[in-house]
Structure formats: C-alpha cells, structure tokens
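In the block that follows, a single chain appears as structure tokens, in the form predicted on its own.
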Amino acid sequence: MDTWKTNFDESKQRYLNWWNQKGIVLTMWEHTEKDGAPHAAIPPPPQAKDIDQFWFDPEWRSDYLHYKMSRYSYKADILPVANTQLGPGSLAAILGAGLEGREDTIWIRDQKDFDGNIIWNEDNKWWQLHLDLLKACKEKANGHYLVGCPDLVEGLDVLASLKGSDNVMMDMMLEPEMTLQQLQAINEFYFKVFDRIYDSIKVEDEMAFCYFSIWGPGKVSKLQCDISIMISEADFRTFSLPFLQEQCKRLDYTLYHLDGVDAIRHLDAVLELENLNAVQWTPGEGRPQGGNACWYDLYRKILQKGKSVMANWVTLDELQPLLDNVGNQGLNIQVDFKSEKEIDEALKIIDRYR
C-alpha cells in the first residue's frame, strides 16, 4: 500500500497493541490540515450545487474527499481514512428508511407506513449509493489512503430509525417476541451488508471504520445502542446484549460507543461482552469531555475488566494528568487538533509514557 502516511506500519502496531489492552494510540477523530505542500497535486472539485450533491453525488463527493485527503496531516497515529459516512445509522436507510442531507450531517428519517417487515432490497437507492460511493473512493484512493466503512449502526437504534423510538418503546412492552424477531432480522442483514462493504473497501484484508477512526486487520466496527438511555437494565440485556454479543463474536475487533451519562448504568452489561475489545466514552452535550478527571474512575473500571479505553475530545493540558492517573496501557486518546504544531506538542508528552 503506497500510503500518504509515512509511519503507517508503526501506527498499525500501536492499534494492534491497543486492541489488546496495551500501549497508547494518539490520534484524532477526522483530520487537520498538514503544513507545507500537499501529498499530491489534486485539484479541488467545483463547489457543490446543493446539499444533496455534497452528500449524495458519489462522483462529486469522492473527488472532494480525494482532494481533502491529499491535504490532511497523518502525524502521530492519525489514520489516512476517507470518511464515507452516510448518516449515523445508514443501515436503516438500506432497509427502507430515508436520508436527508443537512449542512453538518445526514438525518435518518423513519420509513413511511412501516409494516413490521425487515427487508433488504438490492435495488434500494441508498444501498446503491453506498456501493457507488465506496467504489468511486476506492478507485481514487489508489492505495494512498483507506476508504472507511460508513457508520451502519445496528440493533435497537436501527429499528428506531425504521419505525420511530416511541413505537420501539411500546413494542418492547406489548410485542416483545415480535421485537426480538425484528432485531434478529436486522442483525442478519447487518452482517450481509457489512461483509459486502468489507469486501469492497479492504486492502490486504485490513480495513478502517469511519466513526471514531479505527483500524484493524480483518473486520472492524464500532457498536452502539444509543437508545439504551431510554430503557431499563433488564430490557438492555434482553433486547440489545444478545445481538451485540453476536457481533463481537463474528467481527475481529469491536469498539462499543457508550453515549451519555444515562447510559453508564448499562456499562456492567457491556463489559460482560466476552469478545468486545474496547469502550469509547461520550459524556454528552454540556458535560466535561473525555479528558476531564471526573471520568478517571470510569476508565479504570473499563481497563480493570480487560477492555481498552477510547477517550475523546481530550485537550493538550489534560494529556499528562490522564496518563498519570489512568496509566499508559490500553488507551486510545483522541485530541481535537487544530494544527500540526499541536500534534507535535502532544507527541512530546505521549512519548514520555511509551
């Protein structure tokens, strides 16, 4: 692979160590621009005509991503991965929901007149968009960077995107067996879709996942159940945990996205997932972010249970205290870098703990 990241082999080893509760990964979610000349003289595409072209035109978007990737920094362990996300939970669109482009993201819209059947139609326009976008990006990448797997999501979150969260809540109480059948169908389609995407983006059987920018040899994914903040611990164990366990067994490397303080009550169940490798913590809007000292005990608990930690939105001044209090083993630290100078400053701190 003729990558634009000159230290990719070194970073790969750090990711492998991290998946196995060792060492430190220093990276960021998304990218910051590099200093000096770009990696290659890639011309920018014309300005997008509208939001739909920006998100949903595979040729324009692959050109745009190619241009941006040629100008990003890949210092430290920042991955050379193009972000092909089509909304948080695009598996729901593949199964019949809608996508609506916004300025900063893509919204998933409930399937109109959802009849309870979970169906994957190969002619679905959003599935075809996934395939076309990934193919166009892979051709332009030409080995210089990886094409990331879109943020498919799974389980209850996908079911909520298909029929609405309120309907999911009611059906869990009134139609539990039907809900479990729907969740099993979603899980089966998840693996079929994931395998197709993996085959289209892998490079020497390695892949990267867009959300939280993770890499590994084999099949790698972020897992979640954001709707868990609305359900009891017993319902989480009934309607979410078995399907997460199946994913952890069938995928090679998995990261669970724990989202919000109200989701912490499910952490014990999440840590019981035998094949889960790591847990990412998102405190939520208005809360201290991932490098704050108030989360040290949470990180220690995750590490003590044999899972690695991903701490996000850590600031430079929080790096050393985090390492002093949580340790230097099994940490993926994501900093919102604004420049390569900040990356270099962070490396000086991190290198003392490696």
Partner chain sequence: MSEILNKLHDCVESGKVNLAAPFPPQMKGQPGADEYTKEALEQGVSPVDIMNIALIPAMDKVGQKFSEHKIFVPQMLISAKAMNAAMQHLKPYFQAGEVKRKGTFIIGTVFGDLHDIGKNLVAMMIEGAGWEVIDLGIDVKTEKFAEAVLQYPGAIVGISALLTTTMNNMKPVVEAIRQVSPATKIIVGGSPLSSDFASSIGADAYAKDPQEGVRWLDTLVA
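Numbering follows the first chain given and starts at 1. Keep in mind that this is a model prediction, so the values were computed, not measured.
Omitted here: the form predicted together with the partner chain. The next part is about that form.
Of the candidate stretches 122-130, 226-234, 245-253, 213-221, only 226-234 contains residues with a heavy atom within 4.5 Å of the partner chain in the predicted complex. Only one of the listed residues (Leu271, Leu180, Met170, Val203) places a non-hydrogen atom within 4.5 angstroms of the partner chain in the predicted complex, and that residue is Met170. With the partner omitted from this view, the residue of Tyr198, Trp107, Phe191, Phe114 that lies near the partner chain in the predicted complex is Trp107 [heavy atom within 4.5 Å]. If you check the partner chain in the predicted complex, you find a heavy atom from every one of Leu174, Arg265 and Gly286 within 4.5 Å. The partner chain in the predicted complex comes within 4.5 Å of no heavy atom belonging to Glu139. Although the partner is absent here, Asn275 sits far enough away that none of its heavy atoms falls within 4.5 Å of the partner chain in the predicted complex. Using a 4.5 angstroms limit between non-hydrogen atoms, Ser165 touches the partner chain in the predicted complex. Contacts with the partner chain in the predicted complex, taken as any heavy atom within 4.5 Å, map within 85-103 to Glu100, Arg102.
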